[in-house]
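To begin, one chain is listed below as structure tokens, in the form predicted on its own.
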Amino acid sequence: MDSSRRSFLNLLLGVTGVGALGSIVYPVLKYLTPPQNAEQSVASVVAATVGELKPNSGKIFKFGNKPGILIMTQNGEYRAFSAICTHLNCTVQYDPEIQQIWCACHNGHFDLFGKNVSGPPPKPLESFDVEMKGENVGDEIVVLRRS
């Protein structure tokens, strides 16, 4: 009788220990394993509509599953780039005061051609082509991957 109670307690402690160990190991392994969603291969996206951006402003848009940035210069010219900083993959933004693309993570700066001009980014932003699908308000502004 006494040995069966001891066996039951050993079994209960063993099952509890395995459960506790699993609750620690599984999240660690899940964190260390990269996700299996494949990167979407996108050739073009509608980034904005005519009239949506004012001169000297920018807009973040999704290019597949990564962010892109569309900028309307003071001259009314559209330019598009990947919005991923080439330093540590932070998302960049447009700063209208200094008229540059700026990475807030480590104060990296890119000019309006995507060239890295100051800070730690080692190379320019990936640039995209911009195509207008009309001149009227509401017409689409399409951003295309360069081939």
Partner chain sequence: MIQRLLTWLEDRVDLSSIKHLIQEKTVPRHRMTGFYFFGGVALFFFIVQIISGILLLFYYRPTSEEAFESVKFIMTQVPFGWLVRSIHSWSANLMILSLFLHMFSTFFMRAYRKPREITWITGFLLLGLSMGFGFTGYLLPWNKLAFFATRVGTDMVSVVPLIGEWLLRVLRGGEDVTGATLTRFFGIHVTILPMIVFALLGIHLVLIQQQGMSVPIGARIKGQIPFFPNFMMKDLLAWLLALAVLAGIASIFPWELGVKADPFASAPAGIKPEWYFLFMFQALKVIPAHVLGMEGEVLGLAAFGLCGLLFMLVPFLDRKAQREERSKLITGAGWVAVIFIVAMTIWAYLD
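Residue numbers count along the first chain shown, from 1. C-alpha atoms forming the largest set that superposes within 1.5 Å between two forms make up the rigid core. All values derive from a computational prediction rather than experimental measurement.
Another form, the form predicted together with its partner chain, is not on view; read the next lines as being about it.
- Its partner chain is not drawn, but in the model of the complex it has no heavy atom within 4.5 Å of residue 109.
- Using a 4.5 Å cutoff between non-hydrogen atoms, residue 88 counts as a contact of its partner chain in the model of the complex.
- For the chain shown alone, residue 80 is not a contact residue for its partner chain in the model of the complex, no non-hydrogen atom being within 4.5 angstroms.
- Shown alone here, residue 98 lies farther than 4.5 Å from its partner chain in the model of the complex, counting heavy atoms only.
- For the residues 93, 49, 44, 57, the 4.5 Å heavy atom test against its partner chain in the model of the complex is passed only by 93.
- Along 100 to 124, a non-hydrogen atom within 4.5 Å of its partner chain in the model of the complex is carried by 102, 104, 105, 106, 107, 119, 120, 121, 122, 123, in order along the sequence.
- Comparing the forms between the shown form and the other one on their rigid core, the Cα displacement of residue 27 reaches 2 Å or more.
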